[in-house]
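Next up is one chain by itself, shown in structure tokens, the form predicted on its own.
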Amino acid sequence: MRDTFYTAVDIGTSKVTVLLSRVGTEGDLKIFGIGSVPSEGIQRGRVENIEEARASVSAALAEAQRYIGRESVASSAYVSVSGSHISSVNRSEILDNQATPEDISSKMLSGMLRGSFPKIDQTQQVLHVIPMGYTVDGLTGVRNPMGLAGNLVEMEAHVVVGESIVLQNTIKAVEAKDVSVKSLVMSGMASAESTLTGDEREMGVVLLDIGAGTTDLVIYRQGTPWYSAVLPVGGYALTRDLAAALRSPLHVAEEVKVKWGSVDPESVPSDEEIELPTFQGQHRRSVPRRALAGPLHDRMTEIMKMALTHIRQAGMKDWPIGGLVLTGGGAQMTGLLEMAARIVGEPVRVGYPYGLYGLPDQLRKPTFSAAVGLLLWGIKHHDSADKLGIPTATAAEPKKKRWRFRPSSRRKVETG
């Protein structure tokens, strides 16, 4: 049996990350290449400059390939997509098997899966169709009806749809230098793969993946996605607000936000002051650290309230028992856990990538949740997805397997 290679390409507003890995003959997963570079030509999930976007992807890929010294491994990639053009709907499909009763087959279930596609125009494309559960002759809660005898089968599916042009431009940005796209994956779905526990998915949980340009929202119920959407705002909005308040360039505001920023003003000592970085020959100046927290708090509160509005519009009456999981680079903001807990009144935690034994330290951060999740998604759906990420497998999502990780013997992975 030959090794199977997996490539993850996480395309965001602030950075592009490429992970190269393989599953060996013994089932062990090995990450042997990591590349992460600043993103150019991409804003809020949309490719705005194809040449700049291609250059960013190529640079991240080249950095990852330096770990192995050759370029032939990354032939097919799982690629993240985000943006407010993404929406979702839950659909039902019924199979009446009474005329020619026979055991429920994979062909029947695949037909139901395709039949659940919503009616969309040419400007949209289906990104994911994920079975949520089945009812067989009145028996509800069936996860996988394959092989069962049944006359009437009903399937509930979660369907994610995106704008065709945006998805195709993302594919064009990646498909260079002999790299093809195996599947596009909604960024929030990928992050869920690496951050949510099996119990959280079963109990129900809300995931917020706060990126630089967008915030992905995914709600899980009874083990599968039930609602998904993307908010057109992320961590860069906080940076812009802070830059306006400080009358400083964006790069200075970003540095200040990362070093001293907090979204919880009350937790910042009232007498603490910081010295702002200088730019363009300006004199050094000091400001109260609490003054920084005001605009950051206001914008993050807006993001949280936007998410709550989506959750209410989705029809969720009671908050799921699993609470709220925050991930993505924005989840690392000081004071966010406390602020989010006050707003939602439910348990809140930060989601870190897991599911791979021996995951390198540099990837054990919320900002890499989607990249690591893409690898886990690829392993789960290796033989069951087309380029647009549409699963052809009909079983409900299985419980997560914790993959073994063996450090590369060719080159040591740097940590930081």
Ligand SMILES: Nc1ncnc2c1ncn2[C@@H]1O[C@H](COP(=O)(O)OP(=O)(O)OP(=O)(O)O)[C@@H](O)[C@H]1O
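This structure is a prediction, so every number in the text was calculated from the model and none was measured. We number the residues from 1 along the sequence you see.
Here the subject shifts to the form predicted together with this ligand, a form of this protein not shown in this document.
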Is there a heavy atom of Thr170 lying 4.5 Å or less from a heavy atom of this ligand in the predicted complex?
no
Can any non-hydrogen atom of Tyr236 be found within 4.5 angstroms of this ligand in the predicted complex?
yes
When the contact criterion is heavy atoms within 4.5 Å, does Ala212 count as touching this ligand in the predicted complex?
yes
Does Glu254 reach this ligand in the predicted complex, with heavy atoms at most 4.5 Å apart?
yes
Counting only heavy atoms and a 4.5 Å cutoff, which of 315-323, 221-229, 254-262, 125-133 contacts this ligand in the predicted complex?
254-262
With this ligand left out of view, choose which of Met333, Val179, Met339, Val268 has a non-hydrogen atom within 4.5 angstroms of it in the predicted complex.
Met333
By the heavy atom within 4.5 Å rule, which residue out of Pro295, Gly150, Gly329, Gly204 makes contact with this ligand in the predicted complex?
Gly329
Quick one: which residues from 38-54 get a non-hydrogen atom within 4.5 Å of this ligand in the predicted complex?
Gly45
